[in-house]
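Here's a solo chain for you in structure tokens, the form predicted on its own.
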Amino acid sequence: MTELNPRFWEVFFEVYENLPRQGPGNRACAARALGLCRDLPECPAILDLGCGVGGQTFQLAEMTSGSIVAVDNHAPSIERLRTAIARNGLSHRVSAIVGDMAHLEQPLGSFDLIWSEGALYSIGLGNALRVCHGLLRPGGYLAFTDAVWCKESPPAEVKAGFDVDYPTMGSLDDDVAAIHDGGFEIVGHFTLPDEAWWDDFYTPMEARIARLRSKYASDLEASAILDQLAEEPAMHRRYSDFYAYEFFVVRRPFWIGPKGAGTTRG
């Protein structure tokens, strides 16, 4: 993703907004992460940050009885999500708003669970953790995925690809340190399996790109952008052992013990 001009984003969203998910993940992984949040209220207040068009939002609505506020900074995605919310009869439980996750207007300490799949990095992980810490009630959970390096010295092609979007991407140990620095306790974490990259993300992405190639056959600029986008799943086929997505479930402690050590107390 090097040509970040308006035409690039036009084609980008034409691809991504029509996918079941806008990043790696699936229902099985979401259910596993949610299962780590063992003592949520019966009807938790949930905030879905970087919701896109709501693939995981609807899964959260299926798997919980809570209310959900879904936030994304891309207005067309939110409009699409609002239409789907109404179509699915969920307007009484799910609301979608346009917002910047770095400057949210929700009251502090108002959520039992914050959910974010592949989005916190966009404002810097450390900053995002501080924002989430403030929005959670004591004892509240944050469940999020983040890209991490699995090996040192990745191939230049891989490093360049991630540097465009996530130049501060670190290792699993780096994320663990950031989580502790952000005042959270780690409940658990696991690596997304390869099917979480393909079933609802890269496979439909490649199919969508193939359909758009016919539409843009005589448009050289759009065709070049489709070539750029197609490089992402192609790179994953070649180099997936160098990086991964990790699903973290962490908790804001109920109180702060001596010397700032977080301690969860039920």
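Start at 1 and count along the sequence shown; that's the residue number. Nothing here was measured: the structure is a model prediction, and the numbers come from that model.
Heads up, the form predicted together with a small molecule isn't pictured, but that's what we're talking about next.
Remark: all three candidate residues (21, 52 and 122) come within 4.5 Å of the small molecule in the predicted bound form, counting heavy atoms only. Taking a 4.5 Å heavy atom cutoff to the small molecule in the predicted bound form, the contact residue among 101, 81, 129, 196 is 101. Contact with the small molecule in the predicted bound form, defined as a heavy atom within 4.5 Å, holds for exactly one of 180, 159, 74, 133, namely 74.
When the small molecule is considered in the predicted bound form, residue 146 lies well away from it, no heavy atom lying within 4.5 Å. Partner contacts here mean any heavy atom within 4.5 Å of the small molecule in the predicted bound form, and among 114 to 122, 186 to 194, 81 to 89, 136 to 144 they occur only in 114 to 122.
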